[in-house]
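Taking the form predicted alone, here's one chain by itself in structure tokens.
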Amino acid sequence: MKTGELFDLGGKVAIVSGGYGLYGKHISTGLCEAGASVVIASRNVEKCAELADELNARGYDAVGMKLDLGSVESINGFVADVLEKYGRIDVLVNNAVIRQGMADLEDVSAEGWNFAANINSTGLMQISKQVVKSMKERKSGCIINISSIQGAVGPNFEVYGSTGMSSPVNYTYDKWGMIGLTKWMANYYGKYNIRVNCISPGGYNPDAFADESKREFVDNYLRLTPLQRFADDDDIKGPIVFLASQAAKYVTGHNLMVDGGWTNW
């Protein structure tokens, strides 16, 4: 197979949870540009449909569908609808995250913790559980979990300086757990030719430069990043397409850092 063919996702069906958001928009776009039919999913189906319309106008194949990761009924119905429409699911990108209920340890409540975990942890498990059933039947599939630099190293709180910004304790807990789940699933489902990998991005904050109140954070972050820049809109596309494609057919259980070198120190 030629190199270009290895990265071609033509004929593949991909789901992106949180598919219109900060990372989701570029993940969905990158998969479409590589040839996949992309299901852009979240609770806000209007936003998903809006992005799908933009991609379809460019000649790609995308659809917006409603998915509430806090509801088992929604998850089960969503997966059934995708299978009814396309007959297969080749790629699942677990990108959705909710920050409501997140706080520092002394400020977080049990209710807030459980609310966030119901989506970021339990919801992730539920949709993976449903999708992997179909992948097992076909003995083929790829799951990509979107973690974070906060799932690979502890937060460096000094980078926030006096801005009042922070990294919630729930977020670190959830993202570390996601990497562990990735490795568990990779080992368990490898015999079914299902690959499970993780991407841990960092430094994507497109609005930070325009917000003067974040200037101290921006300066500190760039100083501590070997590439000395924030991520741009394209930096998530290549890793996603690589892990979803035949170019990565011998890669599973891996956590790919996409952070400009932040975690190298």
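Note that residue numbering follows the sequence shown and begins at 1. Model, not experiment: these values are computed from the prediction.
The discussion below concerns the form predicted in complex with a small molecule, not included here.
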Practice problem: Tell me, out of Asp235, Glu54, Asp68, Glu216, which residue has a non-hydrogen atom within 4.5 angstroms of the small molecule in the model of the complex. | Solution: Asp68
Quiz prompt | Contact residue in the model of the complex, from Gln126, Asn170, Asn95, Thr182 (heavy atom within 4.5 Å of the small molecule) | solution = Asn95
Quiz item: In terms of non-hydrogen atoms within 4.5 angstroms, which of the given stretches 97-105, 157-165, 184-192, 80-88 touches the small molecule in the model of the complex?
Solution: 97-105
Exercise. Report yes if any heavy atom of Gly30 sits within 4.5 Å of a heavy atom of the small molecule in the model of the complex; otherwise report no.
Key: no
Quiz item: Can you check whether Ser37 is within 4.5 Å of the small molecule in the model of the complex, heavy atom basis?
Solution: no
Quiz item: Does Pro201 reach the small molecule in the model of the complex if we count a contact as any heavy atom within 4.5 Å?
Solution: yes
Quiz item: Is Ser42 close enough to the small molecule in the model of the complex to count, meaning some heavy atom within 4.5 Å?
Solution: yes
